[in-house]
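Quick setup: one chain, the form predicted alone, written in structure tokens, and binding and motion questions come after.
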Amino acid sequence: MQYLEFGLKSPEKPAVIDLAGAWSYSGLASRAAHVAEALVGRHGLAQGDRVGLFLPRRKESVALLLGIFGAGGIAVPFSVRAAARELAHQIADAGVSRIIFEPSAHAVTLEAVALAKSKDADPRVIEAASLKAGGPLARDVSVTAEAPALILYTSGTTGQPKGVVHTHASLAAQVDVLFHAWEWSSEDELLHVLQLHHIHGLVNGLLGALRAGAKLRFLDTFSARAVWDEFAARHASVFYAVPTIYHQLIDCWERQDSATQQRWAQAAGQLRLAVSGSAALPARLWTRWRDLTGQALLERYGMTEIGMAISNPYRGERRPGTVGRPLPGLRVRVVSESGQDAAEGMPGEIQVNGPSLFREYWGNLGATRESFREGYFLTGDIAEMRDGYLCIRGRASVDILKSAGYKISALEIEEVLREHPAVREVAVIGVPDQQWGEIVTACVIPQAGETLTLDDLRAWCGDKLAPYKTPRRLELIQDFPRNAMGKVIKPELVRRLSAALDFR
């Protein structure tokens, strides 16, 4: 139970809290051991077997995850919102031999298993409630640090999701670097509102809090008002979220009376640390949160394959529009197209080396080999170094547009367009075009009651962007296709818009 090491120094201290109550660290360890015993003794789990599971934000989810680890299995977390076809791909791709299901997910589980059988997969379905008690382990389980522990599937925002294999050692490295960099302590309490099938919520959040011996408090369903009420009740010292959540929190705050606004803002100002990640944090949102709460959000950079690699400092200047500096123990370089280190202020690909990196893409040796150069993982993200701080310019595949012979950062344009008073949300994409290569297209969700034209937008950009960066097309839409973390799936947006334009 390496992830409970610090907490077990005070075994009766609360470890995990949800709406149904709290478990102490000793109680959590005992329940996780029962899961391991049941998986090995009653269900014949062998070391290295892949176990699929849903992880709603509840105490039981933590025991299931740690129990799989303790049994020597490899956990394959599923999204609680996933469709059957998506689950079937992951079941078959990872060779999942057992699925632990929740009653609320029974129907989608059975449908996914039926689909997976057509791909030669035949997992055994186990009800979570049956794992609450077990006898002595049927065999001695000795799990090494280099053994695989977890397969997380990439978000699929830029292509087919791949299974990312992390070992116990790489997970420990990830939580340890944040433990030190963000000065976690056993006195902390994390208010957890994120999905548990991604690095942000599962490793940074769940495992990170347990590794520190801190309290982990779950909200089973997200509600902006509920988050504010938890802040006001002093039920958090640390809060992790994505930009969409901070946007929703501010919207909720703005609808309250002045007394509630003051109480909530003061409560949020008492947080020791508020972190934003998983998508670019608009500078306007960073500034608004600071003005409202006095808190400077800490933005960081990471991905499924590497954990967290870059972060604004816990102590020191946090610069809006940047993701900060490389974390201790991580080697980060920005490499130009020529293969040389990019000069200050010039774009290049972020490449990372260090102990937190994943071992492989499951069953995909070719993709694994192609993702490394000289021991560095090729992230596919483009950034510029400015005075020691990294500024992300976007994914090379979807955020770096090629129009009229220029390479253009979609994120740079989005930052300018967000400042327009009629723009609520915006995504900039490149729509294929024979003349221009790609047409710079602004897809905008307007503010309620506001009107917006392409001429308005181009005039707004006139003194802020070079002419070749200014959008040539405006599309007003109601919502974006998003992944589970709220990130816009730009390839899907391009596909939809291209199809609509062809129809016209």
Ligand code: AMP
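All of these numbers come straight from a predicted model, not from anything done at the bench. All residue numbers are counted from 1 along the displayed sequence. By rigid core we mean the largest C-alpha set that fits within 1.5 Å across both forms.
Omitted here: the form predicted in complex with the named molecule. The next part is about that form.
- You can rule out all but one of 112 to 120, 244 to 252, 71 to 79, 192 to 200: in the predicted bound form, only 192 to 200 has residues with a heavy atom within 4.5 Å of the named molecule.
- Taking a 4.5 Å heavy atom cutoff to the named molecule in the predicted bound form, the contact residue among Ala280, Leu285, Ala427, Leu131 is Ala280.
- The contact residue chosen from Ser403, Thr293, Asn353, Thr154 relative to the named molecule in the predicted bound form is Thr154, the criterion being a non-hydrogen atom within 4.5 angstroms.
- For the candidate spot formed by Met303, Asp381 and Ile392, every residue has a non-hydrogen atom within 4.5 angstroms of the named molecule in the predicted bound form.
- Using a 4.5 angstroms threshold between heavy atoms, Glu299 counts as touching the named molecule in the predicted bound form.
- The closest heavy atom approach of Leu327 to the named molecule in the predicted bound form falls outside 4.5 Å.
- Residue contact with the named molecule in the predicted bound form: Leu207 places no heavy atom within 4.5 Å of it.
- Taking the partner from elsewhere, Leu417 is found to have every heavy atom lying beyond 4.5 Å of the named molecule in the predicted bound form.
- Contacts to the named molecule in the predicted bound form (heavy atom within 4.5 Å) from stretch 315 to 348: Val323 only.
- In the core-superposed comparison between this form and the one not shown, Ser403 has its Cα shifted by at least 2 Å.
- Compared with the form shown here, the Cα atoms of Met308 and Lys407 sit 3 Å or more closer together in the predicted bound form.
- Figure legend: C-alpha atoms of Tyr406 and Ala342, shown here, are separated by at least 3 angstroms more in the predicted bound form.
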